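One chain comes next, on its own, written out as structure tokens in the form predicted on its own.
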């Protein structure tokens, strides 16, 4: 029985990530008896986390005993996921399986006091909880900054006006309490916070284009700046204090633009949406975000020589940075998100050639470079961080075990 309890978390993660669609697969993945797997599945169902098909059916052409299908509970609990970016915020309720139940975007100028926008995004999330009546088990926040651990402070929110070292996790937890967002049994929720690209990489590993990778490198540019993340054997590599993979400050153009970090020609200012819009000869406008403006240019005006030249320029800069990262990290897969995904899709051969020409292993051993597939990956990643305590020990979080 104790072994069965210890299998609850691993079993839930297998169902959560779609790797155990049936009880037979769950049995094999856990390495337990059918009886133990059945008891574990029944316990997770009793907790309201998964659903076990009451009438198993054999797949077409299969032999042997049909197995019960497993899925996340369609009306099960959720976590509140929040993201803050240079143009505002987004709040969502996300269930197991990375499924978004409800979402509320908000556009606002991000104030210098981070508590104001954190209060706004939490208020939006609290409204979604009231509207859906869902049970909340956690809360996660994605921010465009390195987040130091164990303090939970945003050390370098370069594209926001926040002070360095803003205590975002503490502010998030306080805001949840003010908004009346509670966890199981009405207990206070301790919010979790992380860097937006780190969280996006975790989401892609579990639910997107990163599935099956052992050494996954993710590089992305959202509304401003460039970030990176590394997932090793299913775990986010955050370094000794949460600050690893600040890839935006790799120099790709030594004579280039001055960067916020004090250097020149960093990826952060040479390969983000502002750099693209400027290179395309367009004036950044306030009507839509820079990311959306960049996407619209690539999708609608790619035939324009100025736009095409800007695409090629940013691909070359991005490729230089990726080649250096590939040489150092030797990942088995590279994912690109945000504007970088658009660049890859616009001219995949050029980007792969730039990386291969500058990597130690050359064209024959070049690492696969793929596009991120999740919409709002950082938000799903914030949800993953919030779900993690439940995935680790469902009974402890739900207050049913001792």
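Just so you know, these numbers come straight off a predicted model, no measurement behind them. Whichever C-alpha set is largest while still superposing within 1.5 Å between the two forms counts as the rigid core. Residue numbers count along the first chain shown, from 1.
Keep in mind that the form predicted in complex with a further copy of the same chain is missing from the display, and what follows is about it.
Problem - Output flag, 155, 245 and 325 jointly within 4.5 Å of a further copy of the same chain in the predicted bound form, heavy atom basis - result: Every listed residue reaches a further copy of the same chain in the predicted bound form, so yes.
Exercise for the section: Look up in the predicted bound form whether residue 332 has a non-hydrogen atom within 4.5 angstroms of a further copy of the same chain, and give yes or no. Expected result: Contact check for residue 332: yes, within 4.5 Å of a further copy of the same chain in the predicted bound form.
Handout entry: Close approach of residue 220 to a further copy of the same chain in the predicted bound form, 4.5 Å, heavy atom
Key = No, no contact at 4.5 Å.
Exercise for the section: State yes or no: in the predicted bound form, is some non-hydrogen atom of residue 132 no more than 4.5 angstroms from a non-hydrogen atom of a further copy of the same chain? Expected result: So residue 132 does not count as contacting a further copy of the same chain.
Practice task
Classify residue 312 as contacting or not contacting a further copy of the same chain in the predicted bound form by the rule of any non-hydrogen atom within 4.5 angstroms, answering yes or no.
Solution key: No, no contact at 4.5 Å.
Exercise for the section: Check each of 360, 353, 35, 42 and return the one that places a heavy atom within 4.5 angstroms of a further copy of the same chain in the predicted bound form. Expected result: Comparing distances to a further copy of the same chain in the predicted bound form, the residue within 4.5 Å is 360.
Problem - Of 316, 174, 149, 87, the one that lies within 4.5 Å of a further copy of the same chain in the predicted bound form (heavy atoms) - result: Selected residue: 149.
Handout entry: Candidate stretches 97 to 105, 290 to 298, 166 to 174, 246 to 254 - the one whose heavy atoms come within 4.5 Å of a further copy of the same chain in the predicted bound form
Key = This holds for exactly one stretch, 246 to 254.
Practice task
Taking a further copy of the same chain as it sits in the predicted bound form, which residues of 213 to 243 have a non-hydrogen atom within 4.5 Å of it? Please list them.
Solution key: Counting only heavy atoms within 4.5 Å of a further copy of the same chain in the predicted bound form, the contacting residues of 213 to 243 are 214, 215, 232, 237, 238, 239, 240, 241, 242, 243.
Problem - residue 266 C-alpha relocation of at least 2 Å between this form and the one not shown, rigid core basis - result: Where the cores coincide, residue 266 still shows a C-alpha shift between this form and the one not shown that is 2 Å or more.
Practice task
Kindly check if the Cα atom of residue 125 is displaced 2 angstroms or more between this form and the one not shown relative to the superposed rigid core.
Solution key: Comparing the forms between this form and the one not shown, which are aligned on their rigid core, residue 125 does not shift its C-alpha by 2 Å or more.
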